[in-house]
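Before any questions on how it binds or moves, here is one chain, the form predicted on its own, in structure tokens.
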């Protein structure tokens, strides 16, 4: 439903940022060229737009825009800022289409604004039930677009299609029962004429899945469960009926290779999180990368990062796809810095493990074997009394987007060297109730641990450089052809680094935690960079 009332936005004048309230009525956006599947496949050819959550289907978050460079980035200044009216944590990555920006808001709202000024065209407020069950915040991270239709997941486990010109609802379908703990927070991914989308709720004993819906009608085309059922290969990796409440949610957006017709998606922790006694076995396909046929959803291959996870090391990081030189030949690879503190380079055609090493502090594994399977350190499983393990529950990294530069060939990740006491408890499953079987506690303040942006060579898994940041950051990363790495920090700074050396080149205090990834676009020949911080979406450009 559209809300035709006043709105609050921040306008930038020569005197700075001024908050003002103005009434508005819904305005149709300016005309834009429909976003065809061909345009999405070749999104890197129009870097003035940001057409999907991770920029391109490969999820590199690399922009070919180069107006802002290492030589002039210190001339960035605030151009405009949009104040989100609902006070909550902003994790949005906006889309930009021909000068129109689409911003999601918590819990499941959407607004279209002028990318030049931040002025509103229209907004959609999704009506939310009062009894939703959520684990980790009232979040919405973004939308997808095909043609002139936007697709948004909602916290009450629905998928909504909206007219991008007006905000009017075209269809609205239930994906799962929110009363059983299912929810949706991630941006969908367009694959041909389908909307591919995951599910959240792994702390409620759900059974995870990945869905594809017909973009025109909202009818479900296929569903692939992330936990195999009875009689399916892999079901034997779950003791008894534990697979029915095994979690393995899919709560971050995946990637797609058009040449291989493979959808790549990460899966979350098995349930209950910290007590594995009731689910003996590897617990496929939790904590895995799944490669699915884009037309049918059939599983082509999988790679499990953490078999029988008892530390909540969700493998829901965004998979980055690239072709790199590996041991003297070009390889199609998938790059993955996992929550379990190991970095992996994997052949994305076959799922074969190529190389992997720790990129953050870890004590739970001696290393990886030749197939990439962890060699566990005995005695690191949670106990009733508690056991100290690195990384902590938040991981060596988490859901926030990594990046890749086509110029340096480096993979960039926000990393954390922490530790935590893990404990387990006995817990029975009850629908609609949290089903975690334990938890964790810090023995030191968070600022006692080291955190940094790290650049990794994907051919060797070696760390090339790091840029220290304190305290632990939960910001994503974007790279550009201007030689830059953009990211943010927990204490409210937005900053730019030299992509080759890690040298800090510019920063700006925004006053609130950066809990999202930046993106960049251009309008009228001018490049801009946008980031959500606290409850505000800020847009920067070079000094006029």
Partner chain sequence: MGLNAKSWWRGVFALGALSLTTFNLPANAEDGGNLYNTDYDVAQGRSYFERQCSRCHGFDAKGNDETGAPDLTGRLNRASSDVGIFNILRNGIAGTAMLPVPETLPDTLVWQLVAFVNSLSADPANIVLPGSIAAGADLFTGKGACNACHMISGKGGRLGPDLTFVGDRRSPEELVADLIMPNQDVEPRWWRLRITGRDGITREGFRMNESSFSLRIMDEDDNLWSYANNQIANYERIEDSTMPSYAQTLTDSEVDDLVAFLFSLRKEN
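Worth saying up front: this structure is predicted, and the values here are computed from it rather than measured. Residue numbers count along the first chain shown, from 1.
Just so you know, the form predicted in complex with the partner chain exists too; it's not on screen, but the next bit is about it.
- When contacts are judged by a 4.5 Å heavy atom cut-off, residue 448 counts as touching the partner chain in the predicted bound form.
- A residue is said to contact a partner when one of its heavy atoms sits within 4.5 Å of a partner heavy atom; residue 219 fails this definition for the partner chain in the predicted bound form, lying far away.
- Although the partner is absent from this view, residue 507 contacts the partner chain in the predicted bound form, with a non-hydrogen atom inside 4.5 angstroms.
- Within this chain, residue 438 lines the site of the partner chain in the predicted bound form, having a heavy atom no more than 4.5 Å away.
- Contact check at 4.5 Å (heavy atoms) against the partner chain in the predicted bound form: none of 37, 156 and 172 pass.
- Only one of 475-483, 66-74, 41-49, 489-497 lies within 4.5 Å of the partner chain in the predicted bound form by heavy atoms, and it is 489-497.
- For the candidate set 225, 467, 301, 353, a heavy atom within 4.5 Å of the partner chain in the predicted bound form is found for exactly one residue, namely 467.
- Think of it this way: in the predicted bound form, the partner chain has a heavy atom of just one of 274, 364, 209, 80 within 4.5 Å, and the residue is 274.
- In the predicted bound form, just one residue of 307-322 lies within 4.5 Å of the partner chain by at least one heavy atom: 312.
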